[in-house]
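First, one chain by itself: the form predicted alone, in C-alpha cells.
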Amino acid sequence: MLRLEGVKSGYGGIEALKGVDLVVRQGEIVALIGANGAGKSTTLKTISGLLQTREGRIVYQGEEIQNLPPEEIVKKGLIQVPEGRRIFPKFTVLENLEIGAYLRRDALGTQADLRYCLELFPILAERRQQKAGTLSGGEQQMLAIARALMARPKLLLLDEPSLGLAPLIIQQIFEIIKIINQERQMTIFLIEQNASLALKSANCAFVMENGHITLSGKAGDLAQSVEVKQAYLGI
C-alpha cells in the first residue's frame, strides 16, 4: 500500500533520513520504533508532505506522492494524527470532529462515521459540547484519533499516540487502535517510543537508528530479538 525507497529528508542542512526503505501492507498495523531523534517523526512528516523528499520515492497505491502538497496527500486518504494531538482547543468536541470531515461531501456517510466515533469513544459523546481544550490529555488523544477517522482514511498515520499519557489510558488507546484496524480493515502506520506496546499491537515492525532502518520483520519476531530486547525493551 505504501512503500519508501531510498528516502532522504531533513531540516535545513541536517539530513535526518539517510536512505529509508520500508513497506506498509494493506490491512496491517505497522510499527516504526526507535530512540528519540532516530528520525521516526521525520519519516511521517515526509510521507505527509510536510517535509520535502530530497532523494528517493514514496509510492502510495502505485502512485508516486513524494513532494505533493500536504492537502493533495490528505485527499488521497493518508491522514496523520500528529504528535501532541493538535486539537482545536477553543472549539467543541463536536466541532473538532466536523472539521475532520471538511473535505467530504457524503452527508449520510459523514453522519454514520460521527455515530461510529462517538460509540468508539463514549467519553467524547458525553462531552460533545465541551471545549476541546478542557479535556484531559487522554481525552484529547481520543479526539485527535476520532477527528482523523472522520476523514475516512485509507491509511492512518499515528505519531507517538502514547506520549504523555497515563499507563491505563495508553492501554485504552492501543485497544482502540486494534479495534479500528479490525472493524474497519484500516491500515495503520504507527510511530511509537513505547516499543513493547507497539510490538504487541503491530503485525510487522521496523527499527530506526540515526535515520536508517536497521531491523525489520514480524513484530513478534522482533520482540524476541536480543538486540531489540536490550536496546528498547529493557531486558
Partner chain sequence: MDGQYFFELAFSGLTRGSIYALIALGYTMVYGILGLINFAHGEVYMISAFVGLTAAAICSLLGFSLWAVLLLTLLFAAAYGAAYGYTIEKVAYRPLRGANRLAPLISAIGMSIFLREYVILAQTADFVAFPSLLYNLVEVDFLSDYIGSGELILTLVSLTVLGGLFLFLRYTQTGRAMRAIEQDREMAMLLGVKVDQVISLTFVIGSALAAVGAVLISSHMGQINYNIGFLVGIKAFTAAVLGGIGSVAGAALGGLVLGLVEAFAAGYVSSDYEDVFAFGCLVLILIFRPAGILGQQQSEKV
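These numbers were taken from a predicted model, which means no experiment stands behind them. Numbering follows the first chain given and starts at 1.
Only in words, not in the display: the form predicted together with its partner chain, which the text now covers.
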| query | finding |
| --- | --- |
| Heavy atom contact within 4.5 Å of its partner chain in the predicted bound form, the stretch among 112 to 120, 134 to 142, 159 to 167, 71 to 79 | 71 to 79 |
| is_contact(residue 108, its partner chain) in the predicted bound form, heavy atom dist at most 4.5 Å | no |
| Touches its partner chain in the predicted bound form: residue 50 (any heavy atom, 4.5 Å) | yes |
| In the predicted bound form, residue 86 touching its partner chain (heavy atom, 4.5 Å) | yes |
| Residue 126, heavy atom within 4.5 angstroms of its partner chain in the predicted bound form | no |
| Residues of stretch 93 to 117 in contact with its partner chain in the predicted bound form (4.5 Å, non-hydrogen atom) | 95, 98, 99, 100, 101, 102, 103 |
